[in-house]
Structures are given as structure tokens and as C-alpha cells.
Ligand SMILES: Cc1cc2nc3c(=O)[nH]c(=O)nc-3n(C[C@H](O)[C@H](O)[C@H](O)COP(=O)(O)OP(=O)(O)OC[C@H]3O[C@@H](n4cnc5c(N)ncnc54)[C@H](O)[C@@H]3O)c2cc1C
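Taking the form predicted on its own, here's one chain by itself in C-alpha cells.
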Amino acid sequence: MGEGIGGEGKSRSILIAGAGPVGLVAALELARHGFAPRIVDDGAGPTPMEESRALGVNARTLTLLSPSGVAERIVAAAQPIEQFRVRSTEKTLIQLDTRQVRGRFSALRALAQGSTERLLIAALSAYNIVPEWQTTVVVDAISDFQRPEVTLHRADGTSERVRPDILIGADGAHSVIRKALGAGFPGEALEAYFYLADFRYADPVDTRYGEVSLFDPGMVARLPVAADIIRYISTLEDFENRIVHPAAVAEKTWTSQFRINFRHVEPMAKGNVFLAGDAAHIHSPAGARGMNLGIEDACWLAWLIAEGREQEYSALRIPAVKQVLKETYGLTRLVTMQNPLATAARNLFAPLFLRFGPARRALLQNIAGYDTARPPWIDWAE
């Protein structure tokens, strides 16, 4: 294993801005490689449990989190999604068995983001690393990209100026670190809003499948959150009137609405300042790739730092980012199209296309996250 630039090796100071899943994975993987990173976040703690947020955990992420032992904990806590289907009126257009993907894990599981974060925090504690909550990173512009200087403001009013050897921005779509780099965030936003609601039911419900119901125009997707909670996400503002609930509703636990953006920064690093996750790329939740792609970033970056090859990070990650943005853009357009002729063509040809084995396998590979470069440090077959 490499000793890092300048022979500094594992003594290099590393500051991670953002203690969401991406920042936590970066810290965990760096710790696993022998570093002692510092991780800060301006929030009061991990994502509240009632806000499911990033939900899908794919097979690639579980592969990446296996060496740390977190994968097994996620599998034990998550809801397996065994089937995925797309329906239009009474017709099933697409039906996939996610267990048919090759490898150790099925293609996709569901676990609320807050649960994932707490599992990562618990794993980090074994390395005596604890996120510093209510700590805000303040930096107007970075003048020295080799030894960036930032100020940390704490809730108690105290401040600290730090100059880490490596600065990692995992601080979300409105990243302070990206802005301090002076990096643009080009792309486009879809005009339509998306609406989301999580419902808790009085009794356990069938959580073994995910489903998209097309209404031409508009759609409502259904994904499990927990044994008694289901998430519905839609392009239709009145979508709650279209839900066929599987049991008596006990409560609505969370609602949200958002616009989908497709944006990415290039390059994803400058000097010893690196961007990962939503700080570097944002896209549609179609295919459940957002958090998973960010976790990929974090694992690759940690490994490259350990190998002394971190300057290769952007060149290695940009192709994967562009590929996933292209795929999620296509999936999103496919389920949100409104032109009657286009929807009729989709409903006719999608089932025919997916009757072919190679097409089905390719779609399963995408859902599993196996369509990007394999991590070279994982020495067993996926």
C-alpha cells in the first residue's frame, strides 16, 4: 500500500465536511485504512428516523461496505425488495426479480437513511471517531488548494481555523466546499415537481416489492421503508387520492416535495480538495442511485488516498458519474413522459424489449449498481 504524497502516509490530517452517508462512509473507509479523519456537520445529529430520505441500498454499496462489516448490519435491518414492476392501468409492462442478479447480494434493499447513518456511526465509534455535530465550515474561497484553510464555527460560539492536508466536501447539493473551489454546477432542472409521502399502517404490509404505476400522464411509485411503512412518490400533486392502501393507515409519517436536477461538477477535485456525493453530482431518484453513487465516491477516494493516488480520483469517478446521470435521466423521462403517442409506444415496446435476456440482465445490473467500474480492493466476486 502506498504511503501518500510526500511520504506523510497515515499521519496526514483529513477533514470531512458533511456527516451524511457519504461523509460517514469516507470517514469509515479512511479509518479502516489506518487514517484518523475528522468529520464535522452543521446539523444537530443524524437524519431524523421519521424522514426516510435516501432509501435504496444497492448491491454495489453492500459490496463496498462488506470489509467494514456494515453490509451485514444493513442486510439484517433492511427490507429486501424481491420484485420490481412497472404497471400501466391493469397491464404489467416490466417485472423483474432482483434476486436474479449475479453476486452475493440481491440487487436492491430499502432502509431509511437515518438507520443507515446510525449503523455507520456505530461502526466509526470502534475507531474512536465521532462526528462533530453543530459545527459549521466557513470558507469564502480557497486560495491554497494544496493546504486549504477553513474556519469551524461551533454552536457554543467558539471558532477554530484549520489547515488539513486533505479536505473532503461531502456537504450536499449546496456544498460550501464546492462554492469555495469556485466550481460551477452545470446541468438542468426538470420543470415538474415530485411529491412524496410515507404512510405507516396499522398492520404489517407486503414490503417485498417496489412498483411504479403509470397513469399517462403522471406516475405513482411505491417503495417499502419498514415492515409497516411504505413510501409513495409521484409527479401528480393529487397523488394521495390515487393510492390504493394495502391496510388501514395509522399515520402519515413524512411528506416532501422537490424538483429534480441533473448536475455534476467537473473536475471533482482541485489540489487536495475533493468533492463526493451530492456536492459533486445530483440527479433523479430513479434507479435509487443517488446515495449509492456517493458512497462509491467515498470508498474510491479513501482507497486512492491510502494508495497515495488521490490525484487520480476525478478522472476515475467522472465516467461513472456521467453514466449514471445519463441512465437516471433516461429512466426519469421514460416514466414522466406526457405525449400520448410516446406513452403508447413505451407501453408497447418496453415489455417486448425486456423479454430478451441481455436487456433484462442489463437493467438488473443497473439497479444493482454493477454498471460502474469494479472496486479493485474487493478480492471476491460480486
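This one's a predicted model, so the numbers in the text were calculated from it and none came from an experiment. In case it trips you up, residue 1 is the first one in the sequence shown, and so on.
As for the form predicted in complex with the ligand, it is not shown, yet the points below apply to it.
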| query | finding |
| --- | --- |
| All of 21, 136 and 277 with a heavy atom within 4.5 Å of the ligand in the predicted complex | yes |
| Residue 256 within 4.5 Å of the ligand in the predicted complex, heavy atoms | yes |
| Contact label in the predicted complex: residue 107 to the ligand, heavy atom within 4.5 Å | no |
| The ligand contact at residue 41 in the predicted complex, heavy atom, 4.5 Å | yes |
| Contact of residue 32 with the ligand in the predicted complex (heavy atom, 4.5 Å) | no |
| One residue of 229, 291, 167, 112 in contact with the ligand, assessed in the predicted complex (non-hydrogen atom, 4.5 angstroms) | 291 |
| In the predicted complex, the one of 75, 176, 221, 123 near the ligand [non-hydrogen atom within 4.5 angstroms] | 176 |
| The ligand in the predicted complex: contacting segment from 351 to 359, 59 to 67, 22 to 30, 319 to 327, heavy atom within 4.5 Å | 22 to 30 |
| Sequence-ordered residues of 55 to 93 touching the ligand in the predicted complex, heavy atom within 4.5 Å | 55 |
